[in-house]
Ligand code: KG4
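A single chain, nothing else alongside it, follows as structure tokens in the form predicted alone.
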Amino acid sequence: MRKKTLILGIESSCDETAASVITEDERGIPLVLSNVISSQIDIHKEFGGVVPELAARAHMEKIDLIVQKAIKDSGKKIHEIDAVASTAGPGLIVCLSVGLSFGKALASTLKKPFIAVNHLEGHALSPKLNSELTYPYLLLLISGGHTQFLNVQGLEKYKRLGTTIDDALGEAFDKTAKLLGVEFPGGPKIEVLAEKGNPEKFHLPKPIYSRGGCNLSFAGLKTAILKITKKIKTDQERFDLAASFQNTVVKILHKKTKIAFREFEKQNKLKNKVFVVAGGVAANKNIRSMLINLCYKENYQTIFPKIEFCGDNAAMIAMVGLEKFKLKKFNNLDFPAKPRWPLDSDAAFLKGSGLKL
């Protein structure tokens, strides 16, 4: 009976210090043995957002304990680990450097392979932790820092179909929450406020809604929210604005996803049409419900990660590590932290409202 591969994953790209140990069963299905996440909400909430220097300090203070707990919770011994996988980018460089350096040092000490992981690839493969996933598939990555449609052909094989030209969707949620007076991190709380409001109360802009293919823009929507918040006076108006914002986002994603479907179908010979939605915003129930209904009408299979794997976590980093370990795709210990590391390195860099789309 062959020894089961054990991968230790480490994540520190922003404000979560996380570690996870995963393996796989006899059929090759991944098994999460531990998944430990230490959040920094209390550290950053008084500033209304993540302060990189404070985040990095918290990572340094906690990472050793978090990794030890992940190994203990897994029921394994540290010498049984076959490889160490650490997030190398994208993210805040002072934060990335903590987990990356720790992972390199641990791999060197254990004399085990080191694997540098793209954080976005972690999100892209995160549904593999709870479902069977075969290539190719269309990926909608919606997180605090990224909003992209990607044609996923395989490990490290991505073609970007569309992206945001300004704010990421998660960032738009967080900024809207802040304007509505919701304490950081406010993005997920928009959904709670929206349940009490009228989604048709405010008519908000949908930037590049009818142009730009499946590229997206959220900066104009955020600006409209800013102007309205200066006029509203009651809690009910706050609820209505939250509901209207969420409803507008749902409409934008509905149209842009349909466009992405057509583009994906042009680029692939498909027996099965699979649509994967990953990233922190994938936990939003309204967005999930709309996308599931759309996929039903368009004959796509919809796959989401489990809620605990939507936000930043180390299990998804270990998942990429496991895939790379099978292919012996290891990295040298001088692999640098990459604050910007696109999945599709050939895609044009899009940023700014002056772009001609």
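Everything numeric here is computed off the predicted structure, so don't read it as measured data. Start at 1 and count along the sequence shown; that's the residue number.
Same protein, other form: the form predicted together with the named molecule, not shown, and the subject of what follows.
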If we define contact as a non-hydrogen atom of the residue within 4.5 angstroms of the partner, is Asp82 a contact of the named molecule in the predicted complex? no
Would you check, heavy atoms only and a 4.5 Å threshold, whether Asp73 touches the named molecule in the predicted complex? no
Ile66 near the named molecule in the predicted complex, any heavy atom under 4.5 Å? no
Is Gly311 close to the named molecule in the predicted complex, meaning a heavy atom pair under 4.5 Å apart or at it? yes
Partner absent here, but in the predicted complex, which of 108-116, 266-274, 136-144, 223-231 has residues with a heavy atom within 4.5 Å of the named molecule? 136-144
Heavy atom within 4.5 Å of the named molecule in the predicted complex, from candidates Leu216, Cys95, Val281, Ala242, belongs to Val281
Quick one: which residues from 173-197 get a non-hydrogen atom within 4.5 Å of the named molecule in the predicted complex? Phe173, Asp174, Gly187, Pro188, Glu191
